[in-house]
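A single chain, nothing else alongside it, follows as structure tokens in the form predicted alone.
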Amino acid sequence: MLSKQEKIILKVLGDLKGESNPDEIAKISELPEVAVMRTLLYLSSKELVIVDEKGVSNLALTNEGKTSLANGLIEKIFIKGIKDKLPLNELGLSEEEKNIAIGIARRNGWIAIEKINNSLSFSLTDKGKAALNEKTPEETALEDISKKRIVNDNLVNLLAKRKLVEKKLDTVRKIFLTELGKKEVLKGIEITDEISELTPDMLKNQNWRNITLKKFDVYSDVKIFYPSRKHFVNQAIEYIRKIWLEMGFKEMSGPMIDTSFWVFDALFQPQDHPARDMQDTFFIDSPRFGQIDPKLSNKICAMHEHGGDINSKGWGYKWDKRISEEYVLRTHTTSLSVRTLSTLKPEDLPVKFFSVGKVFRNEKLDWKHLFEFYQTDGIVVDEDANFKHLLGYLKRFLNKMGHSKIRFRPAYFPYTEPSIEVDIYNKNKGEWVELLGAGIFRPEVVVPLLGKDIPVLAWGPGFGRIMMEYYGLTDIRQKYMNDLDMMKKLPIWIKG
């Protein structure tokens, strides 16, 4: 079936003996040129017309060229100013134009230059005086180009170099009826009105039965429009925040530059632990040290050295307060979890918190490692919480992030017991990828901060790897490559 516009254009082509161009068709049919071109593409896909396109190079004056044609070339303005004994600053030329004009006039032998009292004096030569009454080849070429005349290639290149003209590639289209199109025209074309939109009145009065409805080809190629949207990483961050909020969590926040006390010591991580050295941690040079609460640091010191007042031996070493005061870029957002624990009161419980933020580690870059990435921590502080609840929260979160193939493995962390690591299966790589560590905070972490031993479920996944499968990324570094074409084509983050 042919649409009304297709019939109109075929009829016009038939009247023009099967050959025309878009401008002529638009003029005769009284259709917009955009509609003509779109309809011609439809007819071409149906093999009723041939659209023959050729690129034709044309010359056009630039804005500078048009000004030069109207007011004269800058070298002519310059020598006319010398003749009229005008100061250089009254010629209406910029400094750059003056220098160019002097160079051209000198090269053409139009001026003589003399140095008087450390300043330049210009005078016209006989050749320069004659040039005032003659047209230069450049001036003639500008006039010819404005009137679409043929111009010598050397002059064109010279004017293009001076940015007075530019070469434009225009597309010339010719339209021909195919044999199939000619047969369609010979059948006779009856043009009837079409309706492209149904109204409530048409449905109510049943008028739609007596009219021709415009047919739409849903398989036709159309231009793809990409909507404005946030960067896909920010989309994922907002989605993760939404998951935790829907699960009843409150958001916690805090500094990215923090003391080692909150990043390591409060988490019962010994000061000689390998993760605290330069292999994994970025230390701040200035300011080098920060302040920590003396009462809290005394409790943490006792816990590290001998286990404080609970049934623990601690780590059995001499704790150094100065080391705990060193500023570092946080290596995990778990620093926010212990900061939050230190502010809670008995009447606040039970409570659930989450965070989403950047962390920094001195990692070697590869397809699954970055030295700067996002992590989302969570804690559940509840006297009735247990290990099964922990697995339930993690499974629920990862399912909502689109992962069903998950495995839990026993693990060791200085600050949780029992501890687990969680892996997800990466289909693109065909392997299990470690995603996060989790567990129940040890009494050595909870008691100094909260004042008593209460179960605290804790986890902290970096979600860069979680996102990779959904977006079809094979390298975690693709998240920050700023490839606009890739970012436009990636799907909007929608999981369930």
Partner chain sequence: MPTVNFDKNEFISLLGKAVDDQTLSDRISMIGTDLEKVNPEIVVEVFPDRPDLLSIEGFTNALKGFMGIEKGPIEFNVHTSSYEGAVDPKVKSVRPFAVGAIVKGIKFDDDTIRSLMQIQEKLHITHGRNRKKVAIGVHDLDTIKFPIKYTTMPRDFSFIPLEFDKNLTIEEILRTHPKGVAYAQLLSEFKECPIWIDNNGQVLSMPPIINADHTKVTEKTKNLFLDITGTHRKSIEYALNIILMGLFIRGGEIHSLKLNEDGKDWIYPNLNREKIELELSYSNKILGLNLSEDETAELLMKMRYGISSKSKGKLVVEIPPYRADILHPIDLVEDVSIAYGFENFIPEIPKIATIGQENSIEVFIRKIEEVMVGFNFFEVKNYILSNEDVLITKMLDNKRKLVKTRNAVNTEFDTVRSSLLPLILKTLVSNTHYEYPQNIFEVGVVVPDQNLIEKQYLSCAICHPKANFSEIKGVFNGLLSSFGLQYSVKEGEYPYFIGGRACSLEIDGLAIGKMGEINPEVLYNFKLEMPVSAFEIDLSAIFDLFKEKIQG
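The structure displayed is predicted, hence computed values, not measured ones. Numbering follows the first chain given and starts at 1.
Another form exists, predicted in complex with the partner chain; not displayed. Remarks below refer to it.
- [ ] Answer with yes or no whether N298 is in contact with the partner chain in the predicted bound form, where contact means some heavy atom within 4.5 Å.
- [x] No, no contact at 4.5 Å.
Open item on the list: How about R209 - does it come within 4.5 Å of the partner chain in the predicted bound form, if we only consider non-hydrogen atoms?
Closed with: No, R209 stays farther than 4.5 Å from the partner chain in the predicted bound form.
Open item on the list: So, E184 and the partner chain: in the predicted bound form, are they within 4.5 Å at any heavy atom pair?
Closed with: Contact with the partner chain, no.
Open item on the list: in the predicted bound form, does T281 come within 4.5 Å of the partner chain, counting heavy atoms only?
Closed with: Contact with the partner chain, yes.
Open item on the list: If the cut-off is 4.5 angstroms on heavy atoms, which of these, K313, K168, K147, K204, is the one near the partner chain in the predicted bound form?
Closed with: Spelling it out, the residue with a heavy atom inside the cut-off is K313.
Open item on the list: Only one of I292, I420, L73, I243 gets a heavy atom within 4.5 Å of the partner chain in the predicted bound form. Which one?
Closed with: Contact residue from the list: I420.
Task: Option from 91 to 99, 134 to 142, 151 to 159, 382 to 390 whose residues, in the predicted bound form, bring a heavy atom within 4.5 Å of the partner chain - done: Every other range fails; the passing one is 382 to 390.
Open item on the list: Do any residues of 244 to 274 have a non-hydrogen atom within 4.5 angstroms of the partner chain in the predicted bound form? If so, which ones, in sequence order?
Closed with: Contacting residues: L245, M247, G248, F249, K250, E251, M252, S253, G254, P255, M256, I257, F268, D272, H273, P274.
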